[in-house]
Ligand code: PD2
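Just one chain follows, in the form predicted on its own, and it is written as structure tokens.
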Amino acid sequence: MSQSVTPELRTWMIDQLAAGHSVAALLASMREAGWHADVATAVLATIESGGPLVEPPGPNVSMPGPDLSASPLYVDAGDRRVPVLQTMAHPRVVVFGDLVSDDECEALIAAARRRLARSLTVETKTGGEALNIDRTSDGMFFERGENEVVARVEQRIAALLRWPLEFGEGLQVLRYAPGAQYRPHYDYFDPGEPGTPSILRRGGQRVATLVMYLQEPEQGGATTFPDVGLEVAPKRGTAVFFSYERPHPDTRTLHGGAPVLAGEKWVATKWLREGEFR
């Protein structure tokens, strides 16, 4: 049965919340009545943001990600077969092994090292970038296809995740020294912030993230997903992928980089957009 997000449904939910019903009780009641969870959460998102109604994505909406329909042990990434080590459905998380070789890891670190600066975060209030006390790494960005190694890794990512190469931001390399971390956050751009429209003009919303581990620390530095109690160890050559079909916490993609306790952690991150990133 097709279900539509309508102004009437939104008004009814607002009235129920105003009457004192909790969100959990409201969602449970809607499920019992046969409403799909994504319809309910889409309406709640518009109520929280005060924005216009947005239809939830249907089951056939294209999203980046590997084809895991046959539960493969390996996925074809063009120039190599990549092992699938772990998967999770909600949030959509896939851990890959041996995505980047030792030589590629060393080449990316060497090229990035001389251009490192204190990491910035995108500032959605203004559309620019700013220092953030929650992020204590050093980093830099490569242009797409900037050198042979970057181009090869980007082609591999595009094949692995079945997403156009030009829809990806430039590869970012980060170095986390002992004590450095990135506290839990979301990678999508908050639709309610005033600077978000100018950010989205460069390629639309972010829809997925791939974090590749270039150098493993001696201790600490896991990628954490607090909402689901998941930790991904930063083993060299492996990568963690996660996608978010809408810019909302119900995607459960809150994640962070745990503090490095000993040694250095180096990662390369690829963010994927809805459209061509310019």
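Only a predicted model underlies this, so the values are computations on that prediction, with no experimental measurement involved. From 1 onward, residues are counted along the sequence shown.
Omitted here: the form predicted together with pyridine-2,4-dicarboxylic acid. The next part is about that form.
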Problem - Which of 184 to 192, 88 to 96, 145 to 153, 159 to 167 lines the interface with pyridine-2,4-dicarboxylic acid in the predicted bound form (heavy atom within 4.5 Å) - result: 184 to 192
Problem - 4.5 angstroms heavy atom contact with pyridine-2,4-dicarboxylic acid in the predicted bound form for C105 - result: no
Practice task
Report yes if any heavy atom of L230 sits within 4.5 Å of a heavy atom of pyridine-2,4-dicarboxylic acid in the predicted bound form; otherwise report no.
Solution key: no
Practice task
Indicate whether pyridine-2,4-dicarboxylic acid has at least one heavy atom within 4.5 Å of a heavy atom of P259 in the predicted bound form.
Solution key: no
Problem - Exercise: T196 in contact with pyridine-2,4-dicarboxylic acid in the predicted bound form, heavy atom 4.5 Å - result: no
Completion exercise
In sequence order, the residues of 67 to 93 that place a heavy atom within 4.5 Å of pyridine-2,4-dicarboxylic acid in the predicted bound form are none
